[in-house]
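Read the single chain below, which is given as structure tokens and is the form predicted alone.
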Amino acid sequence: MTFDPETTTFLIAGPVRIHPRVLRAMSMSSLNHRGDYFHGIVQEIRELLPVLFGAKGHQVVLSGSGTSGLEAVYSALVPKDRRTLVLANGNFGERTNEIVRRYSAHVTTVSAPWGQPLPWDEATAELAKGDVGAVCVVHNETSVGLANDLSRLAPAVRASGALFLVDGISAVAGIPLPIDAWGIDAVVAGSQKGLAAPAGLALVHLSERARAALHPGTFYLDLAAHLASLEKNDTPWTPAVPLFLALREALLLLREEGLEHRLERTHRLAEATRSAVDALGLALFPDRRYASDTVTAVRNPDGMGDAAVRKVLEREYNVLVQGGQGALAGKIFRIGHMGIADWPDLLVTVAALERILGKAGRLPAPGAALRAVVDRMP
């Protein structure tokens, strides 16, 4: 079988498969982004964004990838005269650290090895010193398939008075993120993850406290300018109009399904994937207790790297999963199961993995991984 991007079983860690309704929405003729029709679309998006975040507040759409949303938040909310605490245990935590250090000379980084849980006691001790103005953390670290339990940190952040700034790019609409209950001040989501819209938009939720604390940062990503424009159903600069059309449709699909239902489906797929990994005789990369519900990171079998697993999935079975990043390249592969991913996608992927391992004489029990998925299906 030859790899075909139009018909592939697509389970990478984002961007994810896109619904045909969302794809069709982008095919509209050019629009005047300063006209009434487009302003109506922006108004609809504003009304739908609380469905995505599960909270009301000040919400912004930026033309740019999720990283643009992070830069917008950090440049506008990282304090100039107090310390910022950054927590990192993967590639994207390290990216946060790199961005924040562009905007502050007063940064303390608390880290753990990739795939290990964050040292919450150490982070709490830093907060107890009383001079931290902002805390920056990744909720779901897709590079290692690990979800950070922010409920462990939230009370200490709240007690310190620091702003709580969260990279939720691969968590929003995939992992429960109770923004109000945890006292989160800013959350960044990416259009191409749990929402299942095309890549290229960053979605930002701000608390009242965060909005009041905004200071000038970048020009193009100035959150205050975007908020002022959105209140008039407009954008300060030329937006990515086709992506806004796709965003509206993806938000409508999410509303039709319901956020809780999407979270539940994503969780069931994650549980099924982990059960299949066990049955295949493979091992998760992170500790199972912290395994992500949106992406599962799996250690490659001994002696079988990307060329023998991931590339065979793509070349012979038209199944696309993702490899490792940085030092983990060739050592793990990652299966994404967020957005509109569903049971047929997982069944095809697991069947192909069974076939690859079976041909290599590495399959413990033929059919067991498929049964593990079927047993988890509704």
Ligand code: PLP
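Residue numbers here begin at 1 and follow the sequence given. Treat the numbers as computed from the prediction; the structure is a model and nothing was measured.
Below, we refer to the form predicted in complex with this ligand, which is not included among the displayed structures.
Partner contact region in the model of the complex: 132-140, out of 207-215, 231-239, 278-286, 132-140, criterion any non-hydrogen atom within 4.5 Å of this ligand. Although the partner is absent from the chain shown here, Arg95, Ile169 and Gln192 each have a heavy atom within 4.5 Å of this ligand in the model of the complex. Looking at Ile335, you'd find every heavy atom of it more than 4.5 angstroms from this ligand in the model of the complex. Taking the partner from elsewhere, Gly66 is found to have a heavy atom lying within 4.5 Å of this ligand in the model of the complex.
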